[in-house]
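Coming up is one lone chain in structure tokens, specifically the form predicted on its own.
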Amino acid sequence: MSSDLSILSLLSMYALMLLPLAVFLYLQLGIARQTVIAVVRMTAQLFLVGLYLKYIFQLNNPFASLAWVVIMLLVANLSILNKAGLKRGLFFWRSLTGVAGSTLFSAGWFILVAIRPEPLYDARYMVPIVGMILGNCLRSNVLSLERFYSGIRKNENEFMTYLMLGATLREAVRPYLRDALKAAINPSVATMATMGIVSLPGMMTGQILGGAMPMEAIKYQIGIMICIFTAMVVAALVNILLSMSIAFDDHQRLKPGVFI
């Protein structure tokens, strides 16, 4: 079993933050205050979530677990659109469809096909697995959407040339779609290629610290990485394709109102 961190031990970890903060202040990066606020928010949010999840796990009710999953999906979707610089009112439902569909499909496959817990809606599996997949989809979707639309906006003359030469909208956006997907997926490909040698992933490490045997933890890690990667690719592609129907006008030009 893992040993719990005492309050004093946790405070010692906050003391470690003085090192990067000193670097920020010395180099005058202007992000020291932002970093402190982020750490304080992280602490408050994690403790609140920890208290909530304690009761979610004890209750183990499918409706309560599903309600928490819905909240995670909504918050993640808003964060994706904000960080990608896109209008929430314009893209909200299309983005939510891509993120929720890919996340729930991959998580459902892992839980219902691979793990098959008893009961199938066990909150100890549903909530953490959906959270891990969704967190990675969030990052990939921010990268893909931002790269896709900013690429078209920055290369508008090139994009319009494709169209004037007779290309359809799907053909004209294909180079930007390829670049967007590569930007979103390449970090995960690099991570998978070095996993186990360069780094020990979080899920595997957490299970080992919790007392699981290494080989058992490794099998779970392989499963979750495949689910995460599949969800990332599907969500990034689907979100771009769904958003295109409202991002371009009747003349296939990118609407200026899509950006915040």
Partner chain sequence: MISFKNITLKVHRQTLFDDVSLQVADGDKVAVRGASGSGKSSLLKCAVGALPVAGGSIRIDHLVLSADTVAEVRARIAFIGQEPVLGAENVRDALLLPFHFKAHSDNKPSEGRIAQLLERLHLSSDILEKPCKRISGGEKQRIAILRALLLDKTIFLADEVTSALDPESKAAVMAELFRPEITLLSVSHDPGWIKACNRIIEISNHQLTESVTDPQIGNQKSAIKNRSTGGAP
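Numbering follows the first chain given and starts at 1. Please read these numbers as outputs of a predicted model, since none were measured by experiment.
Below, we refer to the form predicted in complex with the partner chain, which is not included among the displayed structures.
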Point to revise | the partner chain: the contacting residue among 120, 164, 113, 71 in the model of the complex [heavy atom, 4.5 Å] | key: 164
Review point. Counting only non-hydrogen atoms and a 4.5 angstroms cut-off, does residue 160 reach the partner chain in the model of the complex?
Key: yes
Review point. Going by heavy atoms within 4.5 Å, which of 131 to 139, 94 to 102, 152 to 160, 185 to 193 lines up against the partner chain in the model of the complex?
Key: 152 to 160
Check your understanding: Relative to the partner chain in the model of the complex, which residues of 234 to 260 have a heavy atom no more than 4.5 Å away?
Key -> 250, 251, 252, 253
